[in-house]
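We begin with a single chain expressed as structure tokens, specifically the form predicted alone.
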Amino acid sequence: MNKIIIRKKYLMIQLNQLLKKGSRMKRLINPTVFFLVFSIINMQLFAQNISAMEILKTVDAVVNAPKDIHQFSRMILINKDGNEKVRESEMYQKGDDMRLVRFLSPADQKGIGFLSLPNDLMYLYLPAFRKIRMIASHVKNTNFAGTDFSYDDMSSFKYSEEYDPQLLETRDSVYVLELTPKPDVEKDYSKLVIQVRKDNFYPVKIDHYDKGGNLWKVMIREKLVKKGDYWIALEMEMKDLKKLHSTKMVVDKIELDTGLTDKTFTKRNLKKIK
């Protein structure tokens, strides 16, 4: 796939995102107008090349496409000897900047919750202490509740707002991007190398490098399925190569666009134990 086709897919995904915003906009953009816009896009393609940032913005649009998500998952923690611990969890997400995760089992983990809100606000609830603690910026890169995901990994965010991308390589089925944190963004990772599928712009592998430039963690997303207009990964695994430990997340049930309100994403709701 050449750069002209890539840019067409990028611009069409952006246009489709606008069309999904509401029925009023759908009425305003009738088939004739849509055809004219598409024709203009085609003319622009020959004068412009897609950039790494455009690919990354499309990745953000694809990953965060559902208006909201409610899912039940199993987190399987695997140590270097292959021993497993299983935790059941529930996750709510609205848009691209609000997420709540809560453990449902086992008993010693039940009720532990994590809340991510806009403006990089993160909160942790530990039922044993019955207190909500704000996660300070200097500890957001530590691991969440013994998993291999940091608080930052668990939050909802846009890669294009926190990283500067560079297109390293174009392979048969994926684009390979190198992402470095923007100057005003604090990360424990010196860079990410992300593989993005060409056909749907979904990120399927992310290599995380430490401050010394050494490969630290590897995230792999598998079992991609299309639910309606959305691509969803039903399995995701984060491997910590230093600790020889990994956490696999398996989605057992998922609901999309159920009409979640902002009331779900409050500190009061974070304390609720189901």
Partner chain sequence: MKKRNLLATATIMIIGTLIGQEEVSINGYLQTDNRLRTGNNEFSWNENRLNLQLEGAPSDQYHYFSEIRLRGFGFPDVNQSSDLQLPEKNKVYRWGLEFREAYVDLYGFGSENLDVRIGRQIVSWGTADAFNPTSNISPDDLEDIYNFGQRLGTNAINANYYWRDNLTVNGIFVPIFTPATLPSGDFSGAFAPPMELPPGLIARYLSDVVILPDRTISKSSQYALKVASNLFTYDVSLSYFKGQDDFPIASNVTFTPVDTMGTMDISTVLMYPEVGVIGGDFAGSIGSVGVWGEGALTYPKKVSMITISPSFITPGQMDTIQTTALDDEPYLKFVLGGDYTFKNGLYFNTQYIRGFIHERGKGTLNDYFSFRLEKKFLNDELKVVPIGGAIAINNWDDVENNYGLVYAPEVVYYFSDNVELSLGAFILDGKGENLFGSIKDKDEIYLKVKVTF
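Residue numbers count along the first chain shown, from 1. Here the structure is a predicted model, which means the values were calculated and not measured.
The form predicted in complex with the partner chain exists for this protein as well; it is not shown, and the discussion that follows is about that form.
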Work out which of 99, 87, 191, 102 lies within 4.5 Å of the partner chain in the predicted complex, going by heavy atoms.
87
Among 110, 158, 74, 182, just one has a heavy atom within 4.5 Å of the partner chain in the predicted complex, namely 110
Let me test this: is every residue among 57, 170 and 228 within 4.5 Å of the partner chain in the predicted complex, going by heavy atom positions?
no
Is residue 263 one of the residues lying within 4.5 Å of the partner chain in the predicted complex, judged by heavy atom distances?
yes
4.5 Å heavy atom contact, residue 146 and the partner chain in the predicted complex
yes
Is residue 82 near the partner chain? Define near as a heavy atom within 4.5 Å, in the predicted complex.
no
Just to confirm, residue 243 within 4.5 Å of the partner chain in the predicted complex by heavy atoms?
yes
Report the stretch among 127 to 135, 158 to 166, 173 to 181, 193 to 201 that approaches the partner chain in the predicted complex to within 4.5 Å, counting heavy atoms only.
127 to 135
For the stretch 239 to 272, return the residues whose heavy atoms include at least one within 4.5 Å of the partner chain in the predicted complex, in the order they occur.
243, 245, 263, 267, 268, 271, 272
